[in-house]
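Just one chain is shown here, as structure tokens, and it is the form predicted alone.
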Amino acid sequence: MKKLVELKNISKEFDGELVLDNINLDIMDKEFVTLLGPSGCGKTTTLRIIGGFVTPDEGDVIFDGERINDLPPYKRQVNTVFQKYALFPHLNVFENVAFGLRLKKLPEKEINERVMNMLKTVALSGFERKNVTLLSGGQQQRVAIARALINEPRVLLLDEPLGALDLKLRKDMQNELKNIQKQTGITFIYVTHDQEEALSMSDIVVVMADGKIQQIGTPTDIYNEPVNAFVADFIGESNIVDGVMLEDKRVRFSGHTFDCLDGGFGKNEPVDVVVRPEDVDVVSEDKGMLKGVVTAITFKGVHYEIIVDIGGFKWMIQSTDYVDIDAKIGLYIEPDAIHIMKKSEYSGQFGDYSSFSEEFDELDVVPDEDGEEDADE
């Protein structure tokens, strides 16, 4: 697979604030790549630089081997789908999709064939004469995607395109988008702050924070092998505790020494230890490697979410077994459930569930006055 898009040493400031700090990223042809991070991390700015809507202050944008920093958006082999679909309300579905082809003055027969084929690709056959204002949100999004794809771009940029949809429709459209990408073979570069969306759709996930790329990898690698406390916390739930690497495959944390699978650290090196909530077994207090007191329990449908106080640090455990609040329990952790990370600037900021609340998660994206999510700069 060859490189299609290369970002080399890209930096960008807005009003004196550094929004992108020396970004380097290679995107391969025919991949589904997701830029993932919280609001303000720089992911949308990265997308806009690829599309030509923003010019970097430093660095180069390379497309298929050629530098395109000064190439305007309409001359790039790139199309964009935004959260606000910007469909033409006075045109029906067919004419919305055909718009770009008519600008190119293609023969009517070719326009008709390409539009009908594209509508079939996005599962909108039979909708060609429908008024776009009467379509559902998911249908409108498919029209926007069809209109972008009809011009056969090499790359399709998607900026939070599912943000306006309800949860069930979002999940349906995640599958649709992945299928469309595989069917067309077009490179998709997708922006989202939704971790589940990124993990379920992508070939490659690019995790961003504070204007920097924190980690690039497959969804499995990102989840199972996070490089620092930010990634571990942002991708799913994580217990992140201070530890000391005694030697290869031996780590001490929370007052107990554990076998693990990691090595290559210095002897007695301070480290961050990640244990995912689903990888901890609840056992009787006398059989536990760690012991704690249950402070909260929430039924989540397929499992219970249990908060356990261990020496003043609140752990989250996910278990199918119910336990009572104030119960004293033991925790058993297998070696392959323990992941060791180097200390970083994010150490100590995440992983303790003392103030855990789903309401806090919802505050990650702050709506503006129109109820839309603030785009990061």
Partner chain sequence: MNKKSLMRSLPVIPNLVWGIIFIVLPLVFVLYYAFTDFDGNFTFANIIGLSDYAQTFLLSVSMSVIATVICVLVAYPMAYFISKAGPQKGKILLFLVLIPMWINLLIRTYSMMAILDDEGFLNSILTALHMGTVRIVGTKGAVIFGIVYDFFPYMVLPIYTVMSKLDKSLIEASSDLGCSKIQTLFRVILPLTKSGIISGVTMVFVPSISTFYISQKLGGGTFDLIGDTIERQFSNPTTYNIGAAISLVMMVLILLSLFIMNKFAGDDTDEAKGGMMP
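Keep in mind that this is a model prediction, so the values were computed, not measured. Residue numbers count along the first chain shown, from 1. Superpose the two forms; the largest set of C-alphas matching within 1.5 Å is the rigid core.
What comes next is about the form predicted together with the partner chain, which is not displayed.
The stretch in contact with the partner chain in the model of the complex, judged by heavy atoms within 4.5 Å, is 145-153, chosen from 145-153, 174-182, 221-229, 188-196. Residue-level contacts in the model of the complex: of K168, H90, K267, K120, one residue has a heavy atom within 4.5 Å of the partner chain, and it is H90. Within 4.5 Å of the partner chain in the model of the complex, a heavy atom is found for not a single one of F14, T34 and T44. With a 4.5 Å cutoff on heavy atoms, F313 does not count as touching the partner chain in the model of the complex; it lies far away. Although the partner is absent here, G137 lies well away from the partner chain in the model of the complex, with no heavy atom inside 4.5 Å. At the 4.5 Å threshold, heavy atoms of Y304 stay clear of the partner chain in the model of the complex, well away from it. The closest non-hydrogen atom of Q214 lies beyond 4.5 Å of the partner chain in the model of the complex.
Taking a 4.5 Å heavy atom cutoff to the partner chain in the model of the complex, the contacting residues in 59-83 are P73, Y74, V78, N79, T80, F82. Relative to the superposed core, R129 undergoes a C-alpha shift of no less than 2 Å between this form and the one not shown.
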